[in-house]
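Given as structure tokens, the chain that follows is alone and in the form predicted on its own.
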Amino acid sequence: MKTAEELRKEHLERLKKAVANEKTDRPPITLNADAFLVQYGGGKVSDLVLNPEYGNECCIKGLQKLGDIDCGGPGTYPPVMGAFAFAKMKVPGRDLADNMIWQIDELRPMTVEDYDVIIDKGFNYYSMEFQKKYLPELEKEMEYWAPLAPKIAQMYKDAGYVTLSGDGDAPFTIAGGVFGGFMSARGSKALLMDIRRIPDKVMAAMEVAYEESSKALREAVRKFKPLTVFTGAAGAGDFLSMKDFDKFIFPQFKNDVDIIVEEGSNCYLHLDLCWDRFIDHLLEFPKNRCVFGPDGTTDMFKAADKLYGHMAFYGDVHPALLTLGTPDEVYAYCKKLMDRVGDKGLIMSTGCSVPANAKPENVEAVIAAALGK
């Protein structure tokens, strides 16, 4: 029987090969599935809030119960997730029933006048003032989570797991998303109206914010050298015209990718919404340095027609299939995916995340397909 360290080494090497778009003995398996795993491992979703050490122990038990999963962790504490979305969090065990998924409670208080604040004083200043005014409880939550996070990450490592946005030693690293940050703080409707009415003002504020975020990104990647950096670009899909995408999103997105690659890491392109119209843009990214990760709404097979051989693929079993489908349907989709892109560069997972109410037998079918059972 292999030790945890031997498993971790095996998992890491398999994942590195897949990220580099090389052949592997089988697709590495990663599940963004905390709310599902904690229940599958014998706990409640609220355990991730009320007792995060125990909750994450249950997640590890869930991973072990599923089989030879390569990636797990680095750990989950839902109350701090609002920091990424300029939002409050409703969490199970406090605001919601024990096995309900946590929810983003959008605030959207950013005003047109706040663009001037950002231009004059910076986005970091605006973010700190935003937190003090609208998310005063977040500081206490961060203080609680800070000493637990490395301890819990080590639990996953000691169990033999690696993380996609890290190599088992580097912390989770996330890139940019200035447009997405503005969308969270301002609200989708208001921001989309702003880029029609005051586009120059929005762009000026975004440029200030991006200067700060790109500097922080370069410093983080240079320091930690994670295997991949979680790199998103909210706002594509059905929200923007191609003209606005090319103006407000893609230049910063591509620059993030260039920074990450220049500093020696790779990019996990976590692409929510439908990217069918924008696939050709991704051919501008460095070859074999990115992982294409749609959320189930992009047509993975049409994307493969363009991107196969240029970057690796992540996913993309649709979350709805895991809740409403049958094991045979799930297994058939996974085999179809493996037949199309599975000979190299495939990381088996779901689109974005596994729903908390996914059928266990459907998640088991994903694992069975990847393991060739």
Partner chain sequence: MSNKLVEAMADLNEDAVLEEVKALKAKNVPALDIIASLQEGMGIVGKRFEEKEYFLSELIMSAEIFNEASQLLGGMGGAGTASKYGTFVMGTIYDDIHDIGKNIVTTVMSSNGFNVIDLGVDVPTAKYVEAIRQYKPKVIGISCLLTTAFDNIKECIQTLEKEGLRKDVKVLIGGGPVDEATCKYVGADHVCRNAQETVEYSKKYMGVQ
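Remember, predicted model here, so these are calculated numbers, not experimental data. Positions refer to the first chain, counted from 1.
Keep in mind the form predicted together with the partner chain is missing from the figure; the text below concerns it.
The closest heavy atom approach of Lys247 to the partner chain in the predicted bound form falls outside 4.5 Å. In the predicted bound form, His318 approaches the partner chain with a heavy atom inside 4.5 Å. In the predicted bound form, the partner chain sits within 4.5 Å of a heavy atom belonging to Ile101. Remark: Ala356 counts among the residues lining the partner chain in the predicted bound form, judged by a heavy atom distance of 4.5 Å or less. Contact check for Met193, Arg277 and Leu324: all three have a heavy atom within 4.5 Å of the partner chain in the predicted bound form. Considering the partner chain in the predicted bound form, the lone stretch of 298-306, 117-125, 93-101, 209-217 in range is 93-101 [heavy atom distance within 4.5 Å]. This chain is drawn without the partner chain; in the predicted bound form, the residue among Phe230, Phe239, Tyr156, Tyr77 with a heavy atom within 4.5 Å of it is Phe239. Contact annotation: of the candidates Lys201, Arg108, Lys151, Lys225, the single residue with a non-hydrogen atom within 4.5 angstroms of the partner chain in the predicted bound form is Arg108.
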